[in-house]
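The form predicted alone is given below as one chain in structure tokens.
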Amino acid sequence: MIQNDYYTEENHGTYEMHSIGDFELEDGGMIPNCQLAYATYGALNDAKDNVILIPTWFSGTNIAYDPYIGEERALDPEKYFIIIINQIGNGLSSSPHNSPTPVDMANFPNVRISDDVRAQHQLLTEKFSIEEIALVVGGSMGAQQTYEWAVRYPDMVKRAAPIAGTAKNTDHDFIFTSTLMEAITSDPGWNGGNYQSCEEVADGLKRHANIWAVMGLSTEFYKQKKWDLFEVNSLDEFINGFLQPLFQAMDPNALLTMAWKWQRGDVSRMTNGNLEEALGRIKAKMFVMPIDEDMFFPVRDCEAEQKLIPNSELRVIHSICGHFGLFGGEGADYFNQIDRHLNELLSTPV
């Protein structure tokens, strides 16, 4: 266990912790006294049917969704009880750097998307006695968890909106994520995962950030020099002043934990590898919402899955930022699209 001052409420907003006890993992192993960090907005109504669940994306925490939530928005805390649950290994929930022996640092066990969703289900049912979810919505790895929720708990999830993510990860994404991981593990300071500070892995985290710069954004973003969308004034500021410092503050083992589960996200694990059968289990009304310039989860991959889902629709989001459109740098141009689709989805009888 080591200290990392990046993972504090000062950086990630107010959140609460809930223990789900000793949590057994799908691939074997166990996280003792597994802790889930979560943030809530609004109030749970008496019928407990106004729940919106939001799972987090790679490297992100609950604060990343703040721009998506607000009065008179689709995700309106005046109408809904919105709960954002930080995935295991993201730095706030139980993670390699904040867990005690024998699961600290390099000893942290492999966690799957399925483990996250089972853990989240335990939190919702134990803590709040929730039996129905009006909407599950999340971006990227949050989309992977959204699919898992809809397939694993089809009677509980009434609506679902995976944004910029797939139900089964592709070979292309697996290879890409391997390069992200190798950027970290090739740094001698990583020391097999037993470093004393993320600063010892600064070079690896820098390379990790540089790879994100290539694939996280669209070629058009660079062509049009849209640095101002991230509140910087040049390419140098975008890379050296925004992306590299962002990732260099994070815990390397946390990033590796999330990357491993990202690579293996696959709802067809529940149906002996049959993706069509898995997606056919979904009872939720679903809007599949890819981003048009996304190089990780292109529209054609998302559409191929959407066609296998009963009662689903494809709703393409435009963003020159590609996958990083999730950050919402385009402001109203992006969020108006998200709100329009989610408002329609939430108003659809189920």
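Treat the numbers as computed from the prediction; the structure is a model and nothing was measured. Note that residue numbering begins at 1 and tracks the sequence as displayed.
Beyond what is shown, the protein has a form predicted in complex with a further copy of the same chain; the following relates to that form.
Contact annotation: residue 313 falls outside 4.5 Å of a further copy of the same chain in the model of the complex, judged by heavy atom distances. For residue 106, no non-hydrogen atom is located within 4.5 Å of a further copy of the same chain in the model of the complex, even though that partner is not displayed. a further copy of the same chain is not drawn, but in the model of the complex it has a heavy atom within 4.5 Å of residue 295. a further copy of the same chain is not drawn, but in the model of the complex it has a heavy atom within 4.5 Å of residue 207. In short, of 148-156, 263-271, 124-132, 177-185 it is 177-185 that has heavy atoms within 4.5 Å of a further copy of the same chain in the model of the complex.
Only one of 256, 249, 232, 213 comes within 4.5 Å of a further copy of the same chain in the model of the complex through a heavy atom, and that residue is 213.
The single contact residue among 81, 190, 227, 242, judged by any heavy atom lying within 4.5 Å of a further copy of the same chain in the model of the complex, is 227. Candidate site formed by 16, 63 and 66: none of these residues places a non-hydrogen atom within 4.5 angstroms of a further copy of the same chain in the model of the complex.
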